[in-house]
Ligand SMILES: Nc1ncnc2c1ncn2[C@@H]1O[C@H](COP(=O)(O)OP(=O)(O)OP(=O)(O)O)[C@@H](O)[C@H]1O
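In the block that follows, a single chain appears as structure tokens, in the form predicted on its own.
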């Protein structure tokens, strides 16, 4: 039975089965914090009740300033933190506080320097108990298709920042969960490499139809990538608005010069600059 499950899971990587529906229902978070060295800890909210939805195959972006609770929200969705209130559901099943339901990629590529790119990419499959030969068979076509086929035996230090991020994203993809959380994965890249990675992510999304939730500070990046945008602000953070991005796909850099693209940028910017609560 285990072998059949592994075979089916690897098959979904190759065929690009659509993602699941992620539903965050009124999730809030408080920490017990002592405001002075002598005062007792008291509940301090860092995230007001937040509700977001990522339907199958959509790329959903969360935009907001530092300190508004984006990373806290990601930690709750990934099951790494327990919310003070609310639930996280995948296809209607409550997964609050449990791990292993999503793929999670941080801004740092977190590649192990002593392992080859191939061995880094298959880590998630190995952790799940997939035989190395099966994991390699699943990874090699993706490495080849997405420009890393000639570098599978290279070490991370031998690759550019963009190539390392590409390997890290393929590792997350091969973890083979219908939902992927990407926490500012391109934030440390130079502008040209960042744009290349954005367009590459759109290509991957079109091919695999995963549900992707993407955190960014960059308004242009959010509008270019997204099917919908959640604008967060405040401390404790809250969702100021959900914006459906009705721009045609597939997208390329030409769309950034259109009036429609500019209108979405202006809407997001005005929400982020609005000091009203």
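Keep in mind it's a predicted model, so treat the numbers as computed, not measured. The term rigid core refers to the maximal set of C-alpha atoms that superpose within 1.5 Å between the two forms. Residue numbers count along the first chain shown, from 1.
Keep in mind that the form predicted together with the ligand is missing from the display, and what follows is about it.
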Considering the ligand in the model of the complex, which of 193, 107, 96, 207 comes within 4.5 Å of it through any heavy atom?
-> 107
Among 68, 212, 223, 50, which has at least one heavy atom within 4.5 Å of the ligand in the model of the complex?
-> 68
Decide yes or no: are 46, 217 and 235 jointly within 4.5 Å of the ligand in the model of the complex, with each residue judged by its heavy atoms?
-> yes
Would residue 184 count as touching the ligand in the model of the complex under a 4.5 Å heavy atom rule?
-> yes
Any of the heavy atoms of residue 72 lying within 4.5 Å of the ligand in the model of the complex?
-> yes
Residue stretch of 246-254, 53-61, 29-37, 223-231 approaching the ligand in the model of the complex, non-hydrogen atom distance within 4.5 Å = 29-37
Would you tell me if residue 41 moves between this form and the one not shown by 2 Å or more at its C-alpha, with the rigid core held superposed?
-> yes
